[in-house]
Each structure stands twice: as C-alpha cells, then as structure tokens.
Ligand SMILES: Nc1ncnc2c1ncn2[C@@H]1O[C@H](COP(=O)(O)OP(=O)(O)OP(=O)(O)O)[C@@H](O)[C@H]1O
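Here's a solo chain for you in structure tokens, the form predicted on its own.
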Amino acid sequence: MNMKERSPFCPGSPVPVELFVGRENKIEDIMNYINNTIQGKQENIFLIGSRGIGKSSLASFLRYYVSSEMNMVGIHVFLGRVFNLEEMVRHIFEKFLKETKGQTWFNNIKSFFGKYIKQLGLFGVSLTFAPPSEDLKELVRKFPEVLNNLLMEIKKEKKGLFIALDDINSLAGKSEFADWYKSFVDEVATHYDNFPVFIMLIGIPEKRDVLSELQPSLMRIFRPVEIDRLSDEEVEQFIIKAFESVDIEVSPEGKDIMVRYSSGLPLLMHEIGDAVFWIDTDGIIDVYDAMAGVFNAAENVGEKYLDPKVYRAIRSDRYISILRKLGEDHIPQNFKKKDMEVRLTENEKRVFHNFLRRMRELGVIETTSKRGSYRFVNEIYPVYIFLESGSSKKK
C-alpha cells in the first residue's frame, strides 16, 4: 500500500489559491474598489464574517490575484497576536519587504528602510524589520508619508499597493487604533491627490461594532463586505476539486454526506475533508469513508474550537441525547423551547430546564427578544452539535 504524502485540505489555514472556489459576487464587488485604487483613490474595505467562514482564504486569493494579474504589490498581514500600533506597522513593512525581495528595484526599497533590515537564515534567505521603539513610533505617526514614499519608489513598476490586515480582533477593541485609522484616512484625503493604496481590514462582526462605538465616524470610511456560508454547489465543487488534485475518486453518496455535514462552512469542509482523506485506503471515497470522516471531524472540531468546559458539558451523559435530537436536522442559529420539547422523552423533558440553564451559564446560548426562544452565541456550537449528531448515527 502506498503511503499518502499530503492532504489537499488545510484545517485552520487559508486554502491554496488553486483550490479556491465561490465568492464570485463578493470578488466582483471588491475588484471594483481595487480598480478605483489603481486610478489613484485610496480605498478602505472591512471584510466581515464569523470564525471559520473563509475570510482569510478570500484575502489570500485576492492578494494572489492583484499581484499576478493586476501588477500591484500585494501583502497579507496576520495580526492575531499584535496588540499595539507599533507592532502592526512593523509587521506591515516587514511583509512588504519580504514580498518585494528579489525584484530588480528591491535595493532601492532596502536602502529606504536603512540599517534595520536583518538577513536571517542560511545564505540570508529570510529577513526581518526591527527598528527601535522610537523609530517605530515615528513610522506610526508618519504612516501616510512613508507609504507615499514607497509608492514613489515602485510607481514605475507597480500600479499600487494592496494591504490585507487579517485577524484585527485584538486591535479593533482599542480606541488608539480607531483614532489612528481615522487620522490616517483624513490625512490621505487632504494631502494626497494620488494615493493608490487599498486596505482591507478582516474581522468578525462584533469587532466592527466595537470600532463603530469607539469612533462612529470611522464607519463612513469603510465599505463593508460580509461573507456568509458557501452554497451546497460550491462545497461540492471544492470537495471534488480537492480530491481530484490527489487522484482520489469520490462516490456520489460519499460526496453528499461531506456536503451535508460541511454546512457551507469552510472550516468544516477542511476538517471533514482532511479526516476523510486519511481514512480512505483504496482511492475511492465511499459512504463508510465519509461517515467515518464526519465522526473524526466532530472530535477534532470539539477539541480544537470549543472551550473545554463547553466541550465537557456538551458531551456529558446527562445532556448528550438532548443535543443529538437538537442536531438531527440542519439546526439554525435560533431555536424555540416548545419545538424541542415535543421531540424529547419524559426523562429528557425532566432535565431540559437544567440543560438550558447550564448552556446559558456556559455562554453557549442566550435568550432572544421572543419568549421561549434561544440563539447560539457562536456559530460553531450548532454546527458541532449537528456534526456530533451525525457521528452518533455512524456509531
């Protein structure tokens, strides 16, 4: 038996551009704004979506496209562990240097940043940008001016600059970030007639709301682009494309199971696809492979994405049968108590009130404005329950 070398799926990471599918309408909207940028107008986009919905994959695809097809410098910066403006700016310029390394005009860019570029690794194949604290503060204050100087350096070769600032959830809760960004946009608008810079912030909806509260006028600056679940057709297209890339055939029945339990969420497409890939032994994904993959994916999702207290409570013997009935269908974000009670046994009904109270205490659900109605706080909770229900059928 040949040992498998790699899985085409990448749970927790942006999908490779060659496997990217869907989002055509959103891409078309964003490309209109990028075309405005190429004409000299600075554009600001806020890409919004729940966790695991595919925001980073879309940003990665856009960066690739503008770099290869539109002759822009494209950078995709991850800021998940960045908590201040100085580190954010350092990451932006370090990524810019890495993306432009190897270009004929890189030496001009390198000299522009001075002695704070360090070559690392064997033969200096990687680099870091590490100026002292005071210089970083100056870069924060003069960010528009520095970007404009970089644009002057690259304008003969490139049409503009694309910057995706991913996972800004930590920064978005800080008033200094909100005030700084508003100041940056105002200075560009009042001092620069031609500023071909496209900036896309990427985060969850709640963080955009926080930014709005910290700096209400900031929301007039951003063009919001919200992405939702993929359609079943798009999920099917991705699954077939991914398995074809490693010469594995997917039966119609196996495909249908993976599409159903992926629920349109890229996070689950990759968790399920990856689990199925490693389970398969004959190069053909059948019903058994698909359901076994759902079972393994449910375990992985619970362990990786749920709070340990929530994970233990959801899997407790006392509540597991209730949760499995709740997950028998594609469950929505909201559910009604009375609709659930008719599906429960007498024993389950006796603990149902305690179940609802415990789920509220753990932050899994919350009440809505409608009496007897509840909503899941995080989209991953109902999805996990649905997955776990499917895995119990497999057992």
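All residue numbers refer to positions in the sequence shown, first residue = 1. Because the structure is predicted, anything quoted here is derived from the model rather than measured.
This protein has a second form, the form predicted in complex with the named molecule, left out of what is shown; the following refers to that one.
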(message) My question is simply whether Phe20 lines the interface with the named molecule in the predicted bound form - judged by any non-hydrogen atom within 4.5 Å.
(response) yes
(request) State yes or no: in the predicted bound form, is some non-hydrogen atom of Ser67 no more than 4.5 angstroms from a non-hydrogen atom of the named molecule? (result) no
(message) I'd like to know if Gln42 sits close to the named molecule in the predicted bound form, meaning any non-hydrogen atom pair within 4.5 angstroms.
(response) no
(request) Please check if Ser57 has a heavy atom lying within 4.5 Å of any heavy atom of the named molecule in the predicted bound form. (result) yes
(message) I need to confirm a contact call. Of Met72, Leu267, Ala242, Leu171, which residue comes within 4.5 Å of the named molecule in the predicted bound form, counting heavy atoms only?
(response) Leu267
(request) Let me know the one among Phe177, Phe96, Phe238, Tyr261 whose heavy atoms come within 4.5 Å of the named molecule in the predicted bound form, would you? (result) Phe238
(request) Using a 4.5 Å heavy atom cut-off, indicate which stretch of 338 to 346, 363 to 371, 46 to 54, 32 to 40 touches the named molecule in the predicted bound form. (result) 46 to 54
